[in-house]
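Below, in C-alpha cells: the form predicted on its own, a single chain.
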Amino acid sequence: MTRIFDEHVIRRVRSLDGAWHFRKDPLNCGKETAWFLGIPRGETVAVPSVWNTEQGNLNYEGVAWYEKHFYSEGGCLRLCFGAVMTEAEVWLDGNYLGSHYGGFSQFDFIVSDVAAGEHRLTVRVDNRFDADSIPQEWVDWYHYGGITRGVSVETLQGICVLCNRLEYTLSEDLKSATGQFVLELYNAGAEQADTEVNISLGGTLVSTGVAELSAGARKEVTLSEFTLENVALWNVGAPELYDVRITTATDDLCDRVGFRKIEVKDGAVLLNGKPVEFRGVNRHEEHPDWGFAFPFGLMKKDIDLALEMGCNAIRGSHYPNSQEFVDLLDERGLMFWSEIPIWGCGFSDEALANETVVRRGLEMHREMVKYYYNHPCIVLWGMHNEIHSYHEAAYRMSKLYYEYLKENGGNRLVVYASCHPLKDICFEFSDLICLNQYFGWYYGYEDDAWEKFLAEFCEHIKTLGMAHKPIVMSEFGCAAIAGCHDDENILWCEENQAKQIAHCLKVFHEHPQVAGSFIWQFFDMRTCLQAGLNRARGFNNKGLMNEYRKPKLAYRAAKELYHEFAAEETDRFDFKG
C-alpha cells in the first residue's frame, strides 16, 4: 500500500492510481446487466478520489462502478486497495474475487495463474446506509463515496511476506528491548515449498528461521526472539525509528518500527516513564476539494500546522487515517489516537445490540490492529465515540472490544469518548476516562460551568472506585464563522471562540486529574445536512482554522497556551534532571 517509503525491493509493484472509467448506477442494475464484463459508456475520473467532488455529484449516495485496464506479465497477482467508501465488490476480467466492508481499511485479493497480457479490474462501490452500517446514516461528517486511497497490483513469487508485527517488551530501565516478529506468509507457488526468512533491524540481522507452506496457503509464523541493547526510544519530539527488512528466497517487505512505553501509573499517563499531558486536536482527514481522498501534501501541511501550534498529539476522528499520514506522525514525533467509525449519536440502542454491527466493528478493530500495529506514534486505540454508554448493549460491546484490543493491540491504552459522564456504565473498559462536553456552546453558559462540572464528575467517579483513572477532555469547543468578528463576543464570532478555547485549556491544564485535551476541531469540515444536522454553510464550523487551513483567532489562542504548557513541562523535567 502507499507508504512514505518503499515497502519492497524484490517484489514487483505497480500503482494503478490515475485515470479510471466511472459510471454511477442509481438504479442498482449493474450487477444484473453484467457491468463487471465492461462498464457502459461513462466518464474518466481520477483514483483515488471521491465522486462527490465531481460536478453534479455532491449529494449522490448509492452505487457506482470503476474500471481500470492494465498490463501484467501474469503469474500470481495481489490486488491491493487502500480504502473504498464504503462497500466494495471486485472482479478481474469478469471473474468475481470477493467483497470488503468498511470505508477506512485496506484489503487485498490474491489471484493465481493470471495470464500475461491486458486485464480489466472492476470495482462496484456502494456508500449507502442501512441498519447494519458502520457508521450509521446520521454522522457529523460527509457521506463521501469512491475509491479513496491508492490501488496497486503486486506480482508474488514463492513464499511472500504479506504483513508483519513486532511484539516487544522493554526492560524496567527502558534500556533494552526483547522482541519477536510475527509474519503473515503466503505461498504463491504451485507446490509446497520452504524458505529461509531473515529479519534485519536498523541494518543488523536480528532474527532468522525456516518456513514451510503448502501451495496457495497463508500461515502466521513467529520468528526467534531477539534482544536489542541500548535501545533508542521513540518519544514526542525525539522520534527514533528503526528500519525493518524481511526477506525470503523470493520476496521482501520493508517497514519501520519504534520502541516506547505508554502506561497509566499513580493517576498519570506516562510515556517512557515520564508524565505526559496531551496537547491535542481532533482531525478529520477531509477537505472540501478532495473529500477523504486526501493528498500527501495536505497531510504534511496539517502536521506542520499542528507542530507550529504546539501540539504533541492528534486524534484521528473518527476512523483510521491513511498509512502515509501515520508514517509522518511516526517520524515527526506526534502521538496519535486511532479509532474506528462507530460514532454514537447516530447509533440507536437497537444498533448497539445488532449482531452484524457488533461483528463488523470487531472486524474493523482487527484490520486496524493488523495494519497499524507497528506505528509507535499510536498510543491510544479508540473503540467508539459518544454511543449510549449507559445501555447494557453498549456495555457488552465495550467489553468485547476492550478485551480484544488489550490482548492483541500491543502496548497501547484502550479508550473511548463518552458524552454521558454521569450515566456512563462502561468506564471500567477504558484505561483513561475521555469526555466530550460542550459547555459554553450547546449548554452551560455560566462562567464557572467547566469548574463545576469537573468537581461534580470527580466526585462521581470516586463513588465508582475510579478516581485513579486520569481524565482526558477528548472533545470541547464552539463554532465560529471565519472572518466573523464582534467586540461583544457573540456566538459564531472568532473572538468568542478564542475566548472559550483559552478558558477551557487553562481549566483543564490546572486540574490535577486532567491529563490533557483534544480540541474539537482542527479545521472546519463538510457535514451532512440530510442527516438532520443544522450546520451553517453545511460545515461543522468548530475548527481552529477554516476548511482551507486559514487560522482563526482560536488557533492563535490555543497555540500560545500549548507552547506555554510545553515550556512548563520542559522546565519541570530539566529541574528534576
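What you are looking at is a predicted structure, and each value in this text was computed from that prediction instead of being measured. The first residue of the sequence shown is number 1, and the count goes up from there.
What comes next is about the form predicted together with ligand ADA, which does not appear here.
Segments offered: 537-545, 49-57, 22-30, 36-44. Contacting ligand ADA in the predicted bound form at heavy atom distances within 4.5 Å is 537-545.
With a 4.5 Å cutoff on heavy atoms, residue 386 counts as touching ligand ADA in the predicted bound form. Among residues of the shown chain, residue 247 is not one whose heavy atoms approach ligand ADA to within 4.5 Å in the predicted bound form.
Put simply, residue 438 is close to ligand ADA in the predicted bound form: some heavy atom of it is within 4.5 Å.
Proximity of residue 318 to ligand ADA in the predicted bound form: non-hydrogen atoms within 4.5 Å are present. Only one of 302, 285, 475, 277 lies close to ligand ADA in the predicted bound form, with a heavy atom inside 4.5 Å, and it is 475. Taking 109, 168, 343, 427 one by one, only a single residue has any non-hydrogen atom within 4.5 Å of ligand ADA in the predicted bound form, and it is 343. Residue 140 is the only one in 133-153 with at least one heavy atom within 4.5 Å of ligand ADA in the predicted bound form.
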